[in-house]
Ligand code: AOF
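Just one chain is shown here, as structure tokens, and it is the form predicted alone.
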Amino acid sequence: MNPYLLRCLELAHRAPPSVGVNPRVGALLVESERILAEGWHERPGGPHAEIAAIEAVPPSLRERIPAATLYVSLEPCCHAGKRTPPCTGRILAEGIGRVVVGCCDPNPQVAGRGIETLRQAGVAVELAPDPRPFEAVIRPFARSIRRRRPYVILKWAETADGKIGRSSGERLLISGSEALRYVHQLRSRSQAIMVGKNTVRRDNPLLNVRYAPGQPPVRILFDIDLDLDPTLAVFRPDAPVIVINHRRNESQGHLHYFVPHNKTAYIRLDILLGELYERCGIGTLLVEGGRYLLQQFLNQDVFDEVHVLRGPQTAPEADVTAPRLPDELYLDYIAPLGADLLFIYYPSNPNR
């Protein structure tokens, strides 16, 4: 792969999960094999990667911009977003004559129009020979913008005989330290995390990031009647909290009380997630349970990945079975995590 395109991929991975419904993109300007500046999409409403790279060029080198090549992992946008102007306009205004693009933008508002806009203005635009590494980076964005809902990852830990807990509510330790670190890496890569009301009440989870670098995700929980104890750990002010309920629709500091506009959202997860996507800007969602909530996501076919951590031991006292996987899944990946095994599943038809 072209080393500058490879660098674009590295920069794209710097974009935090908080970019929300936006794609993770990296860009750099190169003139005579010299990198003038680099950029990536750092926050919602902030400059896109190519604009960040242009604005990062030192004043002493700005006269070199027209002679530079812009490398960018995703096709530049040609439409005005909610808070940002089209990137193609800035590229043309700077007089950049050559652009190399990793992959086309799946956004229907762009979808090749950005490239065509540049070419019609006389810019030489080249596409990477293999777009797949660039498409992989934006897979959550591509899925979410097509479905108008967050990209959903389901995750649970189960014993060797397929149990996830005790009906008594007593906690069950299943996973080892390496699996725990993996879970926190998942959290650090997710914009939001969701759990059910019973899990909050029974386990009082922190739902933060402790064993991996990164910021705590937005916490989303169901408290339909608003009767959860406000001193529970999920209500801490270290991250935004979205409380799905049917009484209050307002924000108080980090607490956001969310009443769906469509009342069927209380039973239809696709409608609920659509509102979270459109109204709250949630682009990636990790669902950690409990069993009932996870099974509802599976039964309603509202998910994009399933991560199962299987421990090496059975637990005779455990009597809560793991969620039942649908038949229409394929096992994509198996890896050891210490004494545990990680299984990653995808829907057989990702375009469903």
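Start at 1 and count along the sequence shown; that's the residue number. Treat the numbers as computed from the prediction; the structure is a model and nothing was measured.
What comes next is about the form predicted together with the named molecule, which is not displayed.
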Option from 230-238, 104-112, 165-173, 190-198 whose residues, in the predicted complex, bring a heavy atom within 4.5 Å of the named molecule: 104-112
Using heavy atoms only and a 4.5 Å cut-off, decide whether all three of Val25, Ala49 and Thr84 touch the named molecule in the predicted complex. yes
What is the one choice in Pro66, Gly45, Pro58, Pro326 with a heavy atom within 4.5 Å of the named molecule in the predicted complex? Gly45
None of Val243, Val137, Leu273, Cys77 but one has a heavy atom within 4.5 Å of the named molecule in the predicted complex; the exception is Cys77
4.5 Å heavy atom contact, Trp156 to the named molecule in the predicted complex: no
Report whether the minimum heavy atom distance between Tyr182 and the named molecule in the predicted complex is within 4.5 Å. no
Is Ile145 a contact residue for the named molecule in the predicted complex, using a 4.5 Å heavy atom cut-off? yes
Is Tyr151 a contact residue for the named molecule in the predicted complex, using a 4.5 Å heavy atom cut-off? no
Which of the residues spanning 267-295 lie within 4.5 Å of the named molecule in the predicted complex, based on heavy atoms? none
